[in-house]
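Next up: just one chain, as structure tokens, the form predicted on its own.
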């Protein structure tokens, strides 16, 4: 019975649209995270003077500290956005496709 349901799911055009959509979204979120992370690393490697600038005259904190924290906060935010969409929209579509296959 499980093999029959699996075959119906695999032949369902909605399933293929769902997988394509979910994979595209995951790739976008991965690319955003990679751009933020590698962009910061490239700044560290090639533009140390930019990161060493003080936020304001007389301050000890340089621009690199808030940018580094920003990368961390950004990756946490996009992870939260992805999980929220996956647990809401994607899970609902997944359940609907499985229900259709069981009929």
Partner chain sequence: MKSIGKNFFLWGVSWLPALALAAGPDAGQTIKQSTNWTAIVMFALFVGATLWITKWAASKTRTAADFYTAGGGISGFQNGLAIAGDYMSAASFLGISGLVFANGFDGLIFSIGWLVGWPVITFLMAERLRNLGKFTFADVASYRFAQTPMRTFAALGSLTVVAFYMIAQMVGAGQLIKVLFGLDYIVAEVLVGAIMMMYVLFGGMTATTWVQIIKAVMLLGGASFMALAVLLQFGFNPENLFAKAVEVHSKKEAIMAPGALIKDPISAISVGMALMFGTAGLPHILQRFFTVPNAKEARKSVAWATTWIGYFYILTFVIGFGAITNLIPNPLDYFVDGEIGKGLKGGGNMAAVHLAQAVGGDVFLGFISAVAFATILAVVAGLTLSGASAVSHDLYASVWRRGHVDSAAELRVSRITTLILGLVAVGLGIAFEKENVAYMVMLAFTVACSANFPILFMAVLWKDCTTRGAIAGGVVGLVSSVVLTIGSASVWEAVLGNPKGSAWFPYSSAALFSMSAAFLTIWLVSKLDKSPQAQKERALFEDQRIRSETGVGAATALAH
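Residue numbers count along the first chain shown, from 1. These figures come from a predicted structure and were not determined experimentally.
As for the form predicted together with the partner chain, it is not shown, yet the points below apply to it.
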| item | value |
| --- | --- |
| Heavy atom of residue 94 within 4.5 Å of the partner chain in the predicted bound form | yes |
| Residue 14, heavy atom within 4.5 angstroms of the partner chain in the predicted bound form | no |
| Residues within stretch 81 to 103 having a non-hydrogen atom within 4.5 Å of the partner chain in the predicted bound form | 82, 83, 86, 87, 91, 94, 98, 102 |
